[in-house]
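One chain comes next, on its own, written out as structure tokens in the form predicted on its own.
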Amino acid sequence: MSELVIQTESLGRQFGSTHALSDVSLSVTRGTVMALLGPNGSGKTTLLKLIRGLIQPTSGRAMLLGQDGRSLTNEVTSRVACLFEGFVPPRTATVKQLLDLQAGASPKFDRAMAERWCAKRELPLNRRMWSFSKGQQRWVLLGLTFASRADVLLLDEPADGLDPSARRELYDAIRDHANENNVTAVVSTHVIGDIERVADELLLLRKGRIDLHAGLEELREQVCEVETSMAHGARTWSSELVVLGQREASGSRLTWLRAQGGECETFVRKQLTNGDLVRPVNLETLYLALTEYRAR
């Protein structure tokens, strides 16, 4: 049986009268790269902070590496590396000083790895952070995070400030690092196309609740898009298919369906009429179907 690295049970967090997160129960096994998606305000950052024990839940609990997030030991926290959106290190610190600080905080810190990481991206160790662009500063922080040799990475918009080529390089690095070191990574992002290439699982939050949690390979099989003519009227689908979302455009109706226990296209093709089209769905399209075009 795969080792459970992260587990939450009916996890919730309120800020005053606002329910930032409600009734979140999930399990993440070792070596998994999980894409954490959701609209702004859906609870993504709150979930990451609850898992790490940076804030306390108002209901339920979060377990990290076998310990309750409310009382993590130093041994466990040293095995977790976090990078949150908006974090900026001291502007006057040099890269070398940041490496020194990280070495003191992470028992397994791989200084040689961090130095190679910076050298590859032409980030001199004697330079101060204020002298770098936003993207360069992000690369420094990412190098510190990877070189910590943590068992769990909690990454909140890790590609913030990076151009498309650099984003691709980063997500490839996340996938390679997870594969080579059996590391679990939870990655919150709005740039869906990048994470789709490397993630194993999708966790979609909506209004503080889990809207969908599934493996990406499973979703690729179970979800499809059907284009039908508006002239044929609304379509009723068989009980094996769940309508996720719909939109109308240029005389056609696009419907996104999820099959219950089988391949979506197999069920759909039995019900198509002349002119109907069925297509596979990428992660970005699925996200839009579940958010902007969600079935009511």
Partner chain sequence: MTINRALLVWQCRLMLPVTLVAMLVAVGYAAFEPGLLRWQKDFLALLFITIHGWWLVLSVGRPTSGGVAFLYGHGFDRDTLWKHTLLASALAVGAVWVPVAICVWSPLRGAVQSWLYDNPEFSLMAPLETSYPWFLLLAYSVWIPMLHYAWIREAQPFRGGSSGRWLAVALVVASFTIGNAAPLRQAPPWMINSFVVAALVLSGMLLLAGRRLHRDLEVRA
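Predicted, not measured: the structure shown is a model, and the values here were computed from it. Positions refer to the first chain, counted from 1. By rigid core we mean the largest C-alpha set that fits within 1.5 Å across both forms.
Just so you know, the form predicted together with the partner chain exists too; it's not on screen, but the next bit is about it.
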query: Contacting member of Leu212, Ala173, Leu72, Leu219, with respect to the partner chain in the predicted complex [4.5 Å, heavy atom]; finding: Leu72
query: Heavy atom within 4.5 Å of the partner chain in the predicted complex - residue from Pro89, Pro124, Gly135, Gly193; finding: Pro89
query: Which of 155-163, 76-84, 116-124, 196-204 lines the interface with the partner chain in the predicted complex (heavy atom within 4.5 Å); finding: 76-84
query: Non-hydrogen atom contact Gly245 with the partner chain in the predicted complex at 4.5 angstroms; finding: no
query: Contact flag, Gly53 vs the partner chain in the predicted complex, heavy atom cut 4.5 Å; finding: yes
query: Contact test in the predicted complex: Leu98 vs the partner chain, heavy atoms, 4.5 Å; finding: yes
query: Contact test in the predicted complex: Gly38 vs the partner chain, heavy atoms, 4.5 Å; finding: no
query: Exceeds or equals 2 Å, Cα of Val88 between the shown form and the other one, core fit; finding: yes
